[in-house]
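In the form predicted on its own, a lone chain appears below as structure tokens.
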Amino acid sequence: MGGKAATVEKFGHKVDLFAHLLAGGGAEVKKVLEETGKSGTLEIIAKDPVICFVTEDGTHLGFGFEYLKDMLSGILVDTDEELERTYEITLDQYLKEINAPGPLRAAMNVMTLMYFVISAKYASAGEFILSSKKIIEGDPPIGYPKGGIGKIAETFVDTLKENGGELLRKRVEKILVEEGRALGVRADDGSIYEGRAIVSNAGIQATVLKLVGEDHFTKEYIDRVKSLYPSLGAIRIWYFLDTKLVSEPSLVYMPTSMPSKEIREGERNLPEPGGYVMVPSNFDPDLSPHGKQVLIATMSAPAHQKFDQKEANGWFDVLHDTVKKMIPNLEEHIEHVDYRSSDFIAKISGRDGIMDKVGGECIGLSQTPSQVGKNKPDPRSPIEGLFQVGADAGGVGIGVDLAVNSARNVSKIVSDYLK
């Protein structure tokens, strides 16, 4: 449950599949809990500073909330009209417009990579500005759920069951469509479930091209779906340690990798040294056995669904070398290690088996000017009764916050449809 934002048990630890923080302190999650009468059932933990930059010479620089809010406040706009305009340009272009100093531009690029998983060269300025406003207004600005990132989905499912819903642990094989109307789904065991409304969170490309099929849509719509491009993918290393080596909640290596156009398009060129390390038990000590620690190290990579461990071998070497620079005595304390790349993302999110160069994306569609705001895909499918939810349609924000915002918006659309 939770897809990429899931928490699993391994070697006595509870560990997230990938590195996650809640931008805005989980504001959208809290709204869902309020709306379902579950306020206070999920604890959001704050650590300040939440991020520590590690320079090439080993210097550690804390990144506190007040500094973060002051920095982000410098890029906000005053009117809705100006915000709408900035949706049409990239963050890189906007920072040049306002004559942002070099250090601020560098920091913004790192933040864009962390939150949108694309470079500031491609990210929509308006989308980033609105997301930054959510961080500034968040209480806390950045947080992490007690129990792991997967605790969010688990809490939602508990509420679902309490209200008469069912959780079926099955993989959907096909969305059933007749005469332009969605009628239900077929699971991989052959079971068929009918419904007046079908809501897919597999992403628009996987939903249209894989679960429904091209024959049910116009050529114009299929061409549009195929032209959409994803955020970057990622490689991830879990380090299970026999002791506590890192005291900070998370580490970012500077200079970090700045993905180029070639990486975005799925080329296999090795990146520059860079990476992000998160330590979940430094937020919630109950996630790891006493005296031990698990590190989640990650960096951007091609989103290609075929970018597997063999393809990513050189990338893992770059990431591992970077982590060793941040934590010099790392290797002597490793008990276990686990490597995953973009093909794993594709498999767990149901986005395998579609097009080349997509499937293993971290977020979903890239939050670029051509794919956000008025250009974002409509949650309402051309097929009656079929809806899209998640990062690709219906929401705004960062990561989990983006997906939950979409869920809140799309639930209203579906409810109106069912009346």
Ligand SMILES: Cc1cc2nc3c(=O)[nH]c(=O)nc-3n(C[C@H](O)[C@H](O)[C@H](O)COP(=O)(O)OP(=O)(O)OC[C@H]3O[C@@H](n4cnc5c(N)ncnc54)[C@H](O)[C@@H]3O)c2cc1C
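This structure is a prediction, so every number in the text was calculated from the model and none was measured. One-based numbering along the sequence shown.
There is also a form predicted in complex with this ligand; it is not shown, and the following applies to it.
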Among 245 to 253, 167 to 175, 86 to 94, 322 to 330, which stretch has residues whose heavy atoms lie within 4.5 Å of this ligand in the predicted complex? 167 to 175
4.5 Å heavy atom contact, N201 and this ligand in the predicted complex: yes
At the 4.5 Å heavy atom threshold, is I222 in contact with this ligand in the predicted complex? no
Mark L211 yes when one of its heavy atoms lies within 4.5 Å of a heavy atom of this ligand in the predicted complex, and no otherwise. yes
Within 4.5 Å, heavy atoms only: does H20 come near this ligand in the predicted complex? yes
Going through 217 to 252 from first to last, which residues have a non-hydrogen atom within 4.5 Å of this ligand in the predicted complex? A234
